[in-house]
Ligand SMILES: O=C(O)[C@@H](CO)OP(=O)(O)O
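The data below hold one chain only, encoded as structure tokens and taken in the form predicted alone.
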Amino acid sequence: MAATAFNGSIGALQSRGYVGNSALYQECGNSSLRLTSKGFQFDLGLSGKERHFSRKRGFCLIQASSSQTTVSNQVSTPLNNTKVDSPKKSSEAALILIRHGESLWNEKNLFTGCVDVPLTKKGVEEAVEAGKRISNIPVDMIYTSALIRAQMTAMLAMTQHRRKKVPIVLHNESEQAKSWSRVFSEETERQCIPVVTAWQLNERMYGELQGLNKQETADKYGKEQVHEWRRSYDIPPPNGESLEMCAERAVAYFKQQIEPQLQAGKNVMIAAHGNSLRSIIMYLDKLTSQEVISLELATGIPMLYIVKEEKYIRRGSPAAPSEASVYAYTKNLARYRQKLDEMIH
């Protein structure tokens, strides 16, 4: 059923000229992976150091831990004239990246890939904790993968946001779907956040490893072979995607759909997966193929970037909603938190 839905989505994209008849895209529509390499880590703590990365707009193909920081038009929404807390044009925006909380197959140590499994109780708790960490950061749009574990993470996180806006999943698959999900109250519309789901943000497709126990697979094929499938940049598992192939679709979608929203001043949250987010971070931080394969991302820990003048400034992971200094990275975030305090008190 998942494959049928995916192929239907591909057909819709092809009919609009977004993708070509590529066997790769049709075969790897969904995906899911985790990262445990120890070679390269991000320090997302409040070190006081700032790294600045610039990235020009254009066309190109091409998740962090508590103790370590571990296709071509702009998105249109059926929420007519959706109003956001920040102006449409701004010199600054916030970008939040969250890898989904622990899934049932993470817990069972199974290769998940494209298989659409939900969160565990621990995963739900991780998503709620992630929401507390970003509860003072503005969110105008949400992008998730097409997989339920990422969508659950986004929705659960937003239950903790102090602004109390309601995330609304957009249904653009047909004219009837758009018509039936229309909001008729302008006031209600102002209290909504559009949620866009995209298969391009899915975890990488693990091919014939999906559903297999990781330890048993290593015993069968050898640790070196399984490590190569899991950690190399350009070597895919049998009938699956490599990280490079995953990056092609994830970064292309980010550049063509999400980046214009950020450059228009909208604050964006992306809830996705280890490999699709590693791919995006590779683009944001200009990582090499060797650096990205050893980048570690923990489940349910948000990462914050400030987008300013086409530069991506990594700020780390907000520690707690009560820690004011975390949100005072910029004057805009400090003002937004003050506004929330005034609304509540």
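Numbers for residues come from their place in the sequence shown, where the first is 1. This is a predicted model, so every value here is computed, not measured.
Absent from the display: the form predicted in complex with the named molecule. The rest refers to it.
K.L.:
Exactly one residue in Tyr143, Phe111, Tyr253, Trp199 has a non-hydrogen atom within 4.5 Å of the named molecule in the predicted bound form; which is it?
P.N.:
Checking each option against the named molecule in the predicted bound form, the one that comes within 4.5 Å is Phe111.
K.L.:
Out of Asn106, Asn213, Gln160, Asn172, which one falls within 4.5 Å of the named molecule in the predicted bound form, going by heavy atoms?
P.N.:
Of the listed residues, the single hit is Asn106.
K.L.:
Okay, which stretch from 132-140, 260-268, 244-252, 111-119 lines the named molecule in the predicted bound form, with non-hydrogen atoms inside 4.5 Å?
P.N.:
Looking at the partner contacts, the answer comes out as 111-119.
K.L.:
Consider Arg190 of the chain shown here, and say whether it contacts the named molecule in the predicted bound form, taking contact as heavy atoms within 4.5 Å.
P.N.:
Outside the cut-off, so no.
K.L.:
With the cut-off set at 4.5 Å between non-hydrogen atoms, does Lys178 touch the named molecule in the predicted bound form?
P.N.:
Residue-level check for Lys178: no, no contact with the named molecule.
K.L.:
Is there a non-hydrogen atom of Arg231 within 4.5 angstroms of a non-hydrogen atom of the named molecule in the predicted bound form?
P.N.:
Yes, contact at 4.5 Å.
K.L.:
Going through 289-304, which residues have a heavy atom within 4.5 Å of the named molecule in the predicted bound form? Please give them in sequence order.
P.N.:
If the 4.5 Å heavy-atom criterion is applied to the named molecule in the predicted bound form, 289-304 yields nothing.
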